[in-house]
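Take a look at this one chain, the form predicted alone, written out in structure tokens.
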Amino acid sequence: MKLTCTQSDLNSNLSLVSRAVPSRPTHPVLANVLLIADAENQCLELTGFDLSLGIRSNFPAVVETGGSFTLPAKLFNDIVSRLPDGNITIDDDEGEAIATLTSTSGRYEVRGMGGEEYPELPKVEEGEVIYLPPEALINGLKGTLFATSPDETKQVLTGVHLKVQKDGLEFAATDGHRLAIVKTESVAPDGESEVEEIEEFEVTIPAKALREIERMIGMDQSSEAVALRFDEGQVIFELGEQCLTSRKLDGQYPAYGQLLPDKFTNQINVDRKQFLGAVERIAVLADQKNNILKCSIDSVNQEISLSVDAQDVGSGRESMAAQISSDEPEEIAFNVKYLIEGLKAIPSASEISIQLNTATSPVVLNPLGGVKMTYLIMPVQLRN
């Protein structure tokens, strides 16, 4: 194998696929990145795989001799990231488990392993495929990933649940304390917004894989639709010359639709940025033990007040105008962390609605216009 590519291309693509390399591999070759030099298409393909998450990327290269080889991901990444701009030549002598990297600054030899030992990424031969505009996918991920659970013992809650429907895609995430739902449209390859032949399908994808997809879309400047392929065991995202494959999470996802109240007796419309700013300021004084913020609702004067009483530290209070159609409750309390994260995840609508029934029943936040997002948060029960 012998090829020449630019340092910038190799560095960016290597950094991407290295994120799928496990820190504690179950087999030595999994600590490596697979390089495949394609002489016919004049490109270099890189792959990282931890047997659950796999990332593959390819980019143009001048390939003199095709072949495959694996190199230790961390060492390879550390060397390449420090090399100067310009061309890099990679050459592995046939029969030798050593690759030579030559740049304008010098020459490095790195010991690796043959490419034939590297496991193949899973494929979806006969599954469904839908196409998502990058913006719709980003909106779905930004509006739900924050609400996934970090607790690995609640495995199915560590991912985002996707419902594939004829008119689009529904993203949902919950950690047991809050619930985030975003609805987006899918598109057919010819640009039509509805794909009637797709059967409804549900799958739960690990948050780790979806964070990588979010990062990949951020790196890619094209507006090309992202292809999503899936079957009973795997999900594959295809974005231009990049591909990410992930196992799905097993287990029954909670019937989250049943958590949403059928109707509300109270509604508050408030400026999102003003409300978020007040919450962030007053949260500085939140008691670090319980992190509780109180919200007082004054329907007569059409204003809401936020207050925090941190014992032995101090207290704070802020008020702002709001449109209120409410008689009760007069006071409701929230976990300030959950409230801030939800307000930040709601798309940049100028106003949000806060709907509720009682001081102990679920509260739902929605943006007034823009992306269809629902954020449900459970109030904190106050002790007298």
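Residue numbers run from 1 along the displayed sequence. Note that the structure is a prediction, hence the values are computed from the model and not measured.
Only in words, not in the display: the form predicted together with another copy of the chain, which the text now covers.
- A heavy atom within 4.5 Å of another copy of the chain in the predicted bound form is found for exactly one of Leu259, Leu121, Val124, Val110: Val110.
- In terms of contact with another copy of the chain in the predicted bound form, the residue from Lys163, Arg281, Lys273, His177 that brings a heavy atom within 4.5 Å is Arg281.
- Another copy of the chain in the predicted bound form comes within 4.5 Å of no heavy atom belonging to Gly67.
- Another copy of the chain in the predicted bound form is not approached by Asn58, whose heavy atoms all lie more than 4.5 angstroms from it.
- Mapping the unseen interface onto this chain, Ser315 counts among the residues with a heavy atom inside 4.5 Å of another copy of the chain in the predicted bound form.
- Contact check for Asn290: no non-hydrogen atom falls within 4.5 Å of another copy of the chain in the predicted bound form.
- Residues within 4.5 angstroms of another copy of the chain in the predicted bound form, judged by any non-hydrogen atom, belong to 77-85 and to none of the other stretches in 141-149, 77-85, 207-215, 232-240.
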